[in-house]
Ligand code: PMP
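To begin, one chain is listed below as structure tokens, in the form predicted alone.
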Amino acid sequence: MAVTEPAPVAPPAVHEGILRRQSLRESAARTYARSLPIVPVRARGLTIEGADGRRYLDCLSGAGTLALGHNHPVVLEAIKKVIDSGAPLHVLDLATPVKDAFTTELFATLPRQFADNARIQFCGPAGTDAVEAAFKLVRAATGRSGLLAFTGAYHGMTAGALAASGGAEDVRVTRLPFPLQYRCPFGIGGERGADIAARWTESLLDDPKGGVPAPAGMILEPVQGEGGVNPAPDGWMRRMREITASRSIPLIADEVQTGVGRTGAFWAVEHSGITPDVMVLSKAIGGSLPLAVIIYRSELDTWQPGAHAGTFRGNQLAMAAGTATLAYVRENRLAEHAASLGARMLARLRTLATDHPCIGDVRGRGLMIGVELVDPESAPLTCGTGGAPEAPSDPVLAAAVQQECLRRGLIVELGGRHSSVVRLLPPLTLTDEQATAVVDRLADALAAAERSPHRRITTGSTH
């Protein structure tokens, strides 16, 4: 189904002027602004309106932050209620009724076995701050300094989080194989590939000559997001829990992007039934506003007063918005909705792949979906499931598809090792009709990108 480009309804001068000033004033490190040259001025639900009058379906959702989409009424009402009450907005780590309500609602959503013996630490406002706090916590509790992380991981952009993501060198971080089902590093995939990845981990940890610094913890994503939407197999997750528990290594689950119903369960660890020692939470828990916490087993709570702090850890508006979001997702069973609607979207995208050989793989969980684009005309790589050949990634085509999507009023993100995975992170309030429109626009953009010569588009990194 062809979708025509939405026509601007206002002169582009304001729009172009803002973008020009941004390029002159802002850091060269800016990312989304490079591949998404829009100026949002209004938004509601799935839709963003730009300064040029064009409307877009937003399947980036603030990198997964907007569980309920833009400006959901329950979120706006919660924020307004705090403002109108005259309550202080900045309280450091003091107790407030707003904070108490948020903590109570958050604990009510957690796996019962975990919540009954947990503590919460409010961190700085970003997920990377919570990741750093988790590392500091387990190092203090265990007296060890090493960390176990996985290839393809993304945990943030501060020093420790970046090192755990493979973006910086740190001799204390040991990199382990993540069990990819597509492009399996062992050329096997499936349960056998996941089993080998787990055996590799066990062997390395138990080898006295393995060179692994004594680990204070293991951090993993139940679904790698920036790494290309790679769901961890449930059986492998259980193996990691067994491996860490038997060796007294705290297991840290990074649920910054997967949490609050995104994957079809309220928390992604629930798919495998494991109970981690630490959960890192941010993005959707703040209901669109900055908020980050870690929740952990009380036995790890060996910090002294003041051992970890942060000026902006008491954001009352974010806590109110977060409480409203958590309650709405829970009461309206949006995790279950994400599971069923996401399954239908995956099925349709896989059907689309039969007519487009440039789609190498379609994968995801719930409303966290990735479409990996490849160059089927290039020499294949022999690293697929069962040794079957796989075409190399095609980041140029992926960038072209992203731009064609934008022309059709659809915002998508790119991820994966070579930025060749088109990522969909729509709000959990997505309707069947909207889901159809998203897939239709993506299909039309893909066809257009295939018809035209691959354009050399420079888009910055995925963030």
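This one's a predicted model, so the numbers in the text were calculated from it and none came from an experiment. Don't overthink the numbering: it's just position in the shown sequence, from 1.
Separately, the form predicted together with the named molecule exists; it is not shown, and the next lines address it.
Comparing 350 to 358, 218 to 226, 316 to 324, 87 to 95 against the named molecule in the predicted bound form, the single stretch with non-hydrogen atoms within 4.5 angstroms of it is 218 to 226. Residue-level contacts in the predicted bound form: of Pro179, Gly370, Gly127, Gly287, one residue has a heavy atom within 4.5 Å of the named molecule, and it is Gly127. Taking Val329, Val256, Leu148, Val75 one by one, only a single residue has any non-hydrogen atom within 4.5 Å of the named molecule in the predicted bound form, and it is Val256. When contacts are judged by a 4.5 Å heavy atom cut-off, Arg365 does not count as touching the named molecule in the predicted bound form. Taking non-hydrogen atoms only, Phe135 never approaches the named molecule to within 4.5 angstroms in the predicted bound form. Contact check for Phe122: no non-hydrogen atom falls within 4.5 Å of the named molecule in the predicted bound form.
The closest non-hydrogen atom of Tyr154 lies within 4.5 Å of the named molecule in the predicted bound form. Along 348 to 365, no residue reaches a heavy atom to within 4.5 Å of the named molecule in the predicted bound form.
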